[in-house]
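A lone chain, given as structure tokens: the form predicted on its own.
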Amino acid sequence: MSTLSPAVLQTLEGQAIELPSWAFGNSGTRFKVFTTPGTPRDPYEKIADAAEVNRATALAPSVALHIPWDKVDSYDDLRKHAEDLGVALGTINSNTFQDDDYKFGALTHEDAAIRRKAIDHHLDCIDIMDATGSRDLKIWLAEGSNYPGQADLRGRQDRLHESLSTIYARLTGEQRLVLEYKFFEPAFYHTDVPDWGTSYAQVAALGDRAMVCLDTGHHAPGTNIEFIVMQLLRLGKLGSFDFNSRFYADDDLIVGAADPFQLFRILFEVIRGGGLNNPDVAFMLDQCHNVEKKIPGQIRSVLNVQEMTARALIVDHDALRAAQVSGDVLAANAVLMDAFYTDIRPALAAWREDRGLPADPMAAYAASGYQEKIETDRVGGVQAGWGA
């Protein structure tokens, strides 16, 4: 059994992974939205479910909101509800992809009135940030075109800059704008923010409090995501992660499910670049649990990130650097593989028990009775999640 040093354990104790409220709502594929027993009926119940994940793991102290899915009459009341449950309200995510007016774009639209509508939605989101104490406004744009000639590619970039500049100017204090990218979908010929370079170019033109969000499922097959992580950390522009896993496209599966080694490599570069436990780099999940139960899915996800972080923390950096300098290719690779193959799960279980947490959070949740309670109490819950 591997042991973890006090320094590694202290680092792990500071790890925090924000949960997405929408992961607890109904979701599905393009063909079907599946309902599940115990689905939250309102944002308050979403936050209660997120708090159960944090109670079992001590890894998820905040919850991201999605507007308008999580609109309530009083955000002060929602904030107090979260705090009473031991969690905080985190990132505010905008939505400009479920309104008929945005069929041909929102912040990039040819029509100034529609652009203004999309800008005003983001200003409303910032008002919510003021009420919740949230720092980050995360923007993902489902904007692009399907056919060559359909859109003025350069004009759309110019309009995007103008729209983002108006939104950015409204931010106050420590508030940040975080721009997410995705290489395709729902548009197929071109996407207005398809890659980290485009996102970086747009946020760099805005200012110091504009950052890039990297979603691990938003890349073409074979993309070296850890290289992008390294580059954005090097440039000081990696604002946040959306962790999930993919086999084909933006599958939004449990992080680490498809390629645990990729997750390990990403976290190694996060640590190498000073991004772990760095307040300027937010860790968040962005997943849809279409067939599995929502709360256990989120517990499994944060544990996967924790386990791969622990493996990345035990890499022998001195041995790795010596092998790199000497050109010993196989020795350098072996240093990483040795850490990746180390089974640190028993050591993590013992450490959790030492901290008064369940050694096995998945089993503890299953035995808690919470799932049975919400399935009995929540009749007719249809609170939206991704795809709903």
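Just count from 1 along the sequence shown to find any residue number. Everything numeric in this text was worked out from a predicted model, so none of it was measured.
One more form of this protein should be noted, the form predicted together with a further copy of the same chain, which is absent from this view; the next part is about it.
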Assert contact residue (a further copy of the same chain, in the model of the complex, non-hydrogen atom within 4.5 Å, options 200, 283, 75, 168) equals 200
Assert contact residue (a further copy of the same chain, in the model of the complex, non-hydrogen atom within 4.5 Å, options 121, 311, 135, 115) equals 311
Is residue 191 close enough to touch a further copy of the same chain in the model of the complex, meaning at least one heavy atom pair within 4.5 Å? yes
Residue 34 near a further copy of the same chain in the model of the complex, any heavy atom under 4.5 Å? yes
Please tell me whether any heavy atom belonging to residue 332 falls inside 4.5 Å of a heavy atom of a further copy of the same chain, as the geometry stands in the model of the complex. yes
So in the model of the complex, is a further copy of the same chain close enough to residue 272 to count as touching (4.5 Å, heavy atoms)? yes
Is a further copy of the same chain in the model of the complex close enough to 28, 226 and 336 that every residue in that trio has a heavy atom within 4.5 angstroms of it? yes
Please name which of the stretches 78 to 86, 122 to 130, 168 to 176, 181 to 189 has residues with heavy atoms lying within 4.5 Å of a further copy of the same chain in the model of the complex. 181 to 189
Can you tell me which bits of 89 to 107 touch a further copy of the same chain in the model of the complex, meaning any heavy atom within 4.5 Å? 97, 98, 99, 100, 102, 103, 104
